[in-house]
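As structure tokens, one chain now follows by itself in the form predicted alone.
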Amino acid sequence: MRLALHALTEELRRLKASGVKRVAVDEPTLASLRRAVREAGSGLAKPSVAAVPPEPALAPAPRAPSLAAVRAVTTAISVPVAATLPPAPVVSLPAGDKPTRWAALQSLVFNDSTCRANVRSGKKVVLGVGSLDARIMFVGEAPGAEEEIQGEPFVGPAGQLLTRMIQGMGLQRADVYIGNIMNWRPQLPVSGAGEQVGNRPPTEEEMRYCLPYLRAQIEIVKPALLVALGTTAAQGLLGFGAFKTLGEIRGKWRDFEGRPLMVTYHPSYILRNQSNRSKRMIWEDLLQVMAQAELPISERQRGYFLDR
């Protein structure tokens, strides 16, 4: 129960950090939430979710929300509008050099009927970018608002921060490869202007559909190691149920199909946690990545974000 409440609060904080001011919740979900709150016991103190006020606002509840209430709100944030997806595609790349195989993969992804059906009008399917000879591959969860417009992963505020992190490692964005588990932005209800309000993590089914395309990118690039950015990316690579909290596994080397995998926090974590301690945790993970990739590490780099 406590973990569920914590997960809900963290998701609302994440949405606020990305600029979302309201969360769309449909009326059946609100009715379910009100009913669950009325029936709730007094097991836990009520969590504060005022950081991202729901629309419409709910009257203050005198009791703690039940697990059913938490699930009701989480459902509104986490369950896609799309219907059940077809089986995951079987990706077969042609023989040839990397650019040839990459062009074939682009054609497969951009013409995938399921990917196209899950992209709203005027938006784009998103595939990874970067060097096809990169030693380091960063993996995120899914495109956001800016990404589905530009058709490139990590171009919003979190992406700009990731670029600075890469530069701190002594590299340029073009030196690495950046991809996502998902090739489309997971859908939520749209505003009156027709634009989606906020983001949600992809479902397990959505990630399973897109994972063959991520595997194909790894097959082409052949990076020396992978870096999973955040809980959802780690779940996509390691499997749902592989861990309970990101803190259990971050900063530790794992394996993804024979390649070293480092799990760390998503850059958006820093957007809402600006302390040197938070920055240092991620930087220590990246120092391990630099060492594994045999990149030079200066004393100055070793001392980044240490409290003085």
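Just so it is clear, the structure is predicted and the values come from calculations on it, not from any experiment. Don't overthink the numbering: it's just position in the shown sequence, from 1.
Heads up, the form predicted together with a small molecule isn't pictured, but that's what we're talking about next.
The small molecule in the predicted bound form is not approached by F138, whose heavy atoms all lie more than 4.5 angstroms from it. By the criterion of a heavy atom within 4.5 Å, G128 is excluded from the residues contacting the small molecule in the predicted bound form. Using a 4.5 angstroms limit between non-hydrogen atoms, E206 is distant from the small molecule in the predicted bound form. Proximity of R250 to the small molecule in the predicted bound form falls outside the 4.5 Å heavy atom cutoff. Stretch-level contact analysis of 213 to 221, 184 to 192, 149 to 157, 129 to 137 against the small molecule in the predicted bound form, using heavy atoms and a 4.5 Å limit, identifies 149 to 157.
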